[in-house]
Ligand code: BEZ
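Below you'll find only one chain, the form predicted on its own, shown as structure tokens.
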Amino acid sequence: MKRAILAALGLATSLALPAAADDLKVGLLLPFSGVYAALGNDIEAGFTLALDEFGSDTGVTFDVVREDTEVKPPVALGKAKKLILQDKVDVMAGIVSSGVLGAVRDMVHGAGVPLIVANAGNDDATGASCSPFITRMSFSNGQVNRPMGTWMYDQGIRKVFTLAPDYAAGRQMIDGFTQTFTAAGGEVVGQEFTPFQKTQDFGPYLAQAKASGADAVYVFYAGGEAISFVKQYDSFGLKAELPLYGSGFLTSPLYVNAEGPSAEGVITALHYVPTIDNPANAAFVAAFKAKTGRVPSEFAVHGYDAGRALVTAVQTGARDRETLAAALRKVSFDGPRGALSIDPATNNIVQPIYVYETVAGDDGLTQKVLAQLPAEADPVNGCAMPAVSN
């Protein structure tokens, strides 16, 4: 509302405010239709909330141009070209799918347009394919899972069976976990990758897990696959005798209620849950619920922190593509997730990871935080980051 009013009063205030110099055009590239529309809507809600909350005293008007990627890399590339060449945006934010990020990466890098990644977790985006113009405010696939390997070993778990869908994110999530679990002394007694978005019956894989001699099962699934897997794991009778652990996307607040009682007792790790106990998160949860009527997910906080990162960069005086890209690499603040910063070696976020158990609450399923694990920077992973001048 405040941004709209400022825009509407632009002519009337032109003598007092250098409006043209202080307008910032922002391209928001998200899926607003298709399988990931709910994620896109949560990210947008968080992003606009942050601009309203933190940007109102900057003297800058944020003109947001929305484009729907449809979670289709060719479509997303066309929309990115439009934002860069036709709309002439100063900065872009969004991107849910790692495939979409891969499709637009060279266009963004070549044009020198800063992109704030608000979801896509592919390790390569801040590794071998890193760019000084791409800053990630969400997570990387390995980052979410590496701390869990050590933590589970410290809980006395020695043998694990792993499962994940057979695509880049699934393999990177499991690799992050197995690296630290085996380094601590644990043993992966079985590992399967299920056909992505094609597996409806997990029974054969669950039978393998049961027969493996594992102490626990560790998995990554998300969205509809997560719902199906959690329900089948429970109905297969495994939960009581073979505890289920995993990446926190397995029991995301966005869809955990669809999993119902089957999710109770499942322990996972993620960079954000709405029950994190700090003042910034309490304020964010209250504001997001007032705006949308729902509890924020990790996707909502991605958008919120992406918006705040943009405002923080603007507060340094950055106004054009080059200065915004340079300023975004230096962003740090205490947010709903805790203390956040950007590793200039990779442009990836550095953040704490939370281990949580899904439990029954007064208003449905909720998250009981069991541990906060230390923030660690990702390995450089092939990134050779060129400098961006201020």
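We call the rigid core whatever largest set of C-alpha positions still superposes within 1.5 Å between the two forms. Numbering starts at 1 and runs along the sequence shown. Source: prediction; values computed, not measured.
This protein has a second form, the form predicted together with the ligand, left out of what is shown; the following refers to that one.
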query	finding
Ile349, heavy atom within 4.5 angstroms of the ligand in the predicted complex	no
Distance check, Phe249 to the ligand in the predicted complex, heavy atom within 4.5 Å	yes
Contact of Gln143 with the ligand in the predicted complex (heavy atom, 4.5 Å)	no
4.5 Å heavy atom contact, Gly121 and the ligand in the predicted complex	yes
Candidate stretches 287-295, 259-267, 169-177, 233-241 - the one whose heavy atoms come within 4.5 Å of the ligand in the predicted complex	169-177
Single option in Phe299, Phe161, Phe229, Phe133 placed near the ligand in the predicted complex, where near means a heavy atom within 4.5 Å	Phe299
Single option in Ala222, Val75, Ile276, Ile157 placed near the ligand in the predicted complex, where near means a heavy atom within 4.5 Å	Ala222
Partner contacts in the predicted complex for 23-62 (non-hydrogen atom within 4.5 angstroms of the ligand)	Tyr36, Leu39
Displaced residue check between this form and the one not shown: Ala120, CA, 2 Å or over, core reference	no
Exceeds or equals 2 Å, Cα of Glu225 between this form and the one not shown, core fit	yes
C-alpha of Asn278 off by 2 Å or more between this form and the one not shown on rigid core	no
